[in-house]
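For reference, the chain that follows is the form predicted on its own, supplied as structure tokens.
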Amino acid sequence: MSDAYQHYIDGEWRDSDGDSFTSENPATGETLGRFQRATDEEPDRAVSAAETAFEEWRSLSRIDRAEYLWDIYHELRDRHEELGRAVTRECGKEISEGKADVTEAWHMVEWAAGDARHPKGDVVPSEIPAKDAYMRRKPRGVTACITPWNFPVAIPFWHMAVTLVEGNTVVWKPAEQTPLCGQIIAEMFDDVGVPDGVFNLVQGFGDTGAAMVDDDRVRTVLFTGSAEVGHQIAEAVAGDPSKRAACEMGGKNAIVVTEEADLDIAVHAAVMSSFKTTGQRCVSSERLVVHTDVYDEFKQRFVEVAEEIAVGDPLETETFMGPLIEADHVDKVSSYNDLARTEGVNVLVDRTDLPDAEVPDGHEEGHWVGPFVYEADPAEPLRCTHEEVFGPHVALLEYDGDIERAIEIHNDTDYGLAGAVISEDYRQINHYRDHAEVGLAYGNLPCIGAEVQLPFGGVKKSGNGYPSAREVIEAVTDRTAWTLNNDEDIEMAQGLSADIKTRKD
């Protein structure tokens, strides 16, 4: 299997005895490379290497650990154009988004490495003047990182940058749809000379991720992906109180457009939220909750844009939407579009099956769909308006009344990841801020575009309370409360006597 890319374990490129699989360009069908699928042996060896490397890695100062990340940061910046094209070729995002994926990665590495020189912990007053009381963070150990295909460079560093700076070691399984991006990142770690076993790459499918999750030596699991898999991971980890899982999952996200909205902002935000990455973001908006006073004008303008959005070669700068990631996902999105019709919605835009004239030359093997837009009654419990589609499938939901009614519709889903409100009335914005059931909220903006210095995670079915990006520190470290007595006598809080009494004969 020498013609297939290898795993990276304990500082070496290693073959496995498993089958090989290919990575394909979703716009053209071109094979980008062959990769070795892990057997049971590779996750075990990777975890063993990470466990062995942990003590020496944690013994370095945070600043020394961050130096390796600074080298990665410069690699990401210097290779921005090259890596952006690699992202676009492997996952189908149009080229500005491919480059933005790499930009987001270096932002995360920059933040994590820079944070190494900032204080970590809390000094608190003790009840006893002669005592110092404070909290310190300690790394938890081996961390399994399982990442999705739609941000194949950014999200891995959301997981790994803070994790490594804080003194943990990593075993990483990238998505099977984007193994080439994983390979490039592993080559970077090898090039900068990170100590053996600190970073490990294992390529594979769900069984490989499950083996990592189930390994007793793994202390923390970081996962970004579907709600189904995330809940399985959280359930598996829940049986071991010494393990922890941070799961960021999907969403059925909504944008609220009130009667006080600036419709220029509203339409622009809705188009970006619904159709960027061809709707394949966990934060993409599949529901637009619009007040009746502005509904007709918003609908007309949004539909006009959806009808004309450029779908095509993601490497061309004039393209707005590239392909879906794979043929199975085309089937899924198409089935939800069919379901919406079956459920009786009013279809406004249907570009599910792109005509041959819209498919770029040489891209006939790509996985193409266009926008699908419809209006539905928000009072109806339709599957199409409540289940995540993960594609350019968008419902317009008209509401009458105040912002409270809009929030009711907004929150009427099992998910709670991202959302936005468009309004020129700050009271409406503040009400949304306080009552929308989301982990990521935006005012007069799209519901996409998170920044690394903020937490990223959801509530309800969208997450389990341990967000990624900067706040992943809560998942990969334990806080220890430390109290130091500076006096020669022992004095206890709560008036507890420190005298030792002995029994009388």
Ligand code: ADP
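If you're wondering where the values come from, they're calculated on a predicted model, not measured in any experiment. Start at 1 and count along the sequence shown; that's the residue number.
Heads up, the form predicted together with this ligand isn't pictured, but that's what we're talking about next.
The stretch from 223-231, 429-437, 161-169, 128-136 that comes within 4.5 Å of this ligand in the predicted complex, counting heavy atoms only, is 223-231. Contact between Thr319 and this ligand in the predicted complex is not found at the 4.5 Å heavy atom cutoff.
Remark: Gly206 counts among the residues lining this ligand in the predicted complex, judged by a heavy atom distance of 4.5 Å or less. Among residues of the shown chain, Glu176 is one whose heavy atoms approach this ligand to within 4.5 Å in the predicted complex. For the chain shown alone, Ile146 is a contact residue for this ligand in the predicted complex, at least one non-hydrogen atom being within 4.5 angstroms.
With the partner removed from view, the residue among Ile409, Val271, Ile95, Ala210 that has a non-hydrogen atom within 4.5 Å of this ligand in the predicted complex turns out to be Ala210.
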